[in-house]
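Same protein, same chain, two forms; see structure 1 and structure 2 below, as structure tokens.
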Structure 1
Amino acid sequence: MADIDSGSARRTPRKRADARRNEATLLDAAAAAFVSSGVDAPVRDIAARAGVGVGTIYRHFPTRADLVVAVYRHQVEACAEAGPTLLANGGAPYVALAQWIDLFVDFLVTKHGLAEALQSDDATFETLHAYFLDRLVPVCAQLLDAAATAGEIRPDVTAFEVLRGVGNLCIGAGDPRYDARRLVELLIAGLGQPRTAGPR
């Protein structure tokens, strides 16, 4: 396996220098465009920023979603890895869960339009959706399980639901009259009520 990999890796060891350079430039340009115009920044704008043609973007990133994933991959990975770490810190699982959700919310609210894109039913963003889910659902599930086992939250909620709900609540953060983080806290607080809903 290692032989085959290194062999094929030797045969096509590295892309042409200009290609590698362009890919890096493109990632920077996209990141900058996402900050100033949101993840919906027009492809042509990103190409112009990077000083390349639009064809070059599509050669490196088959679809917009792939570009978005590439730009945010590091941060998503960091978030995913933070889950087990928080859980291992020794505190109550519910606290770890709340902290992790907070991390996730921080990530989403600082990326203008990302939450919207994530929930978009546009087939274009399917890849994006899938990547986030693949990477984060298991982590979230682990935290939920721990908290449920400890009896701290109701046991009948899925990681998918929580992630999606939290992601949805982050849509439109940026509006000063809308505090996404607070509503997420409310939702997570609701999780902590094992019995019937309602007061008293």
Structure 2
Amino acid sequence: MADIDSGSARRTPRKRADARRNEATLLDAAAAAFVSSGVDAPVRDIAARAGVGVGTIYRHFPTRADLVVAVYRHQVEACAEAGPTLLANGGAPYVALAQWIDLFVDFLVTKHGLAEALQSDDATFETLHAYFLDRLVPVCAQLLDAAATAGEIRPDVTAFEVLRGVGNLCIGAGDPRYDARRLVELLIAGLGQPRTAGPR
């Protein structure tokens, strides 16, 4: 019996890991569909992207609001987890910061795709903005502090300012005449420029 129990204990975490991977694949597919077609993208299209049946989506997310919230949280978590990973890779903190901001821009593209739903009166969405700030402001602050300590950027910029600034630059990302990513790159490059001394 001990062998059977121990074998079962070994199998359970693997199933849970598989379930998490499958859910992540589904949420990535939904995010891509929301970007290309909006939050009203047909569930069958999301299922086809994810390689699952429509019933699988409804089993995990009974309503579209459930799916929207799950996509948003999945994107936030992926962005939050990437910050420490990039910083731990051993490169220059400024490079890690720039790479993370690039990921954050990718997230914002998805978030703006969800904007209409997130700004609705549905109580399901009420706590998402606070969740976004609680998870991402500390990550951005960690990256900024590391780069400032290394002398790579000016030390007087807060994480909230950077995230708000990047967010504002990304508002017009759907206009083909506007390159939000280029403007964000200029903003991040500006963090590394030392302040010029005033006249003596």
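FYI, numbering is relative to structure 1, first residue = 1. Superpose the two forms; the largest set of C-alphas matching within 1.5 Å is the rigid core. A quick note: this is a predicted structure, and the numbers were derived from the prediction, not measured.
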query = Given structures 1 and 2, which represents the form predicted alone?
reply = 2
ask   = Using the core for the fit, does the CA position of R182 change by 2 Å or more between structure 1 and structure 2?
value = no
query = On a core-based superposition, does E126 travel 2 Å or more at its Cα between structure 1 and structure 2?
reply = yes
query = Core-aligned, is the CA shift for V71 between structure 1 and structure 2 2 angstroms or more?
reply = yes
query = Supposing the core is put in the same place in both forms, how far has the CA of A31 shifted between structure 1 and structure 2, in Å?
reply = 6.7
query = Where the rigid core has been superposed, how far does the Cα of Y58 end up moving between structure 1 and structure 2, given in Å?
reply = 17.5
